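First, one chain by itself in structure tokens, the form predicted alone.
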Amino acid sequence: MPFHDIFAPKDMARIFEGIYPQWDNAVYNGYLDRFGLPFQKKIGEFSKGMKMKLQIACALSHNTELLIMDEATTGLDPVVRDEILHIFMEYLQDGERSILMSSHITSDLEKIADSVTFIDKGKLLISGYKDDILESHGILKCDKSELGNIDPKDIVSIRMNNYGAEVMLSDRQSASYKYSGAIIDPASLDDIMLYYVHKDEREWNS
């Protein structure tokens, strides 16, 4: 939730100190310094990125075991996003803490997530350990005339284009033996999510 514009970071420290038993002002001030956030400046004068960093600083300063974050890096430039993700990784290092984060930025999830769950319009598309999902899926590129040679059970969905077809396969290792002459490229989380969104269509145009 956004903080009220009339407050300053120093005010947020006093507020949260009275709410969270394990609130740590030293940790909080350290994040303010790290993010370059002025201690006494009104939040209403902050940029969108500064407001997001202040919320994250507050979230990380009361020693919680589980953080639930909604679009925590949205609206931040790539440099700041990378810094925030690095801080999240530091926060998780002791193995005693977890972060449940919703995000449309799949590249962020590739960097820090252990497990991922894709949901589209309230429907669960795929869920599991990130590395397993990335390792098991692959994209086979072929001519449209060759699609009949691919077992439908192996196919998530097919992206058609002017040059041929790109087929998302759910078991890349097995497919490498079944279709030994084909080139099967690794898939990113972004690719996998896109193909699963179109799974019911079977074939779709890019």
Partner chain sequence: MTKLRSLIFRELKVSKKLYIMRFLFLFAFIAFAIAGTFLFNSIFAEMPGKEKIIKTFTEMLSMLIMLCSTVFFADDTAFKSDLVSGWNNYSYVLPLTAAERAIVKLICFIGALGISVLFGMACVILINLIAGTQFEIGYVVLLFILIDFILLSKIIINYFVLRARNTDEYKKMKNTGSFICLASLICITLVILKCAGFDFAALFNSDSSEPLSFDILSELTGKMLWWLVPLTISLFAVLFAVIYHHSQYVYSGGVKIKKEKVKAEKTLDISAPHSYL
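Because the structure is a prediction, the values reported are computed rather than measured. Positions refer to the first chain, counted from 1.
From this point on, the text means the form predicted in complex with its partner chain, which you will not see here.
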query: Listed range touching its partner chain, judged in the model of the complex by heavy atoms within 4.5 Å, from 90 to 98, 126 to 134, 105 to 113, 74 to 82; finding: 126 to 134
query: 4.5 Å heavy atom contact, residue 170 to its partner chain in the model of the complex; finding: yes
query: 4.5 angstroms heavy atom contact with its partner chain in the model of the complex for residue 186; finding: no
query: Residue 15: touches its partner chain in the model of the complex, heavy atom cutoff 4.5 angstroms; finding: yes
query: 4.5 Å heavy atom contact, residue 204 to its partner chain in the model of the complex; finding: no
query: Members of 1 to 15 lying within 4.5 angstroms of its partner chain, judged by heavy atom, in the model of the complex; finding: 1, 2, 3, 4, 6, 7, 11, 14, 15
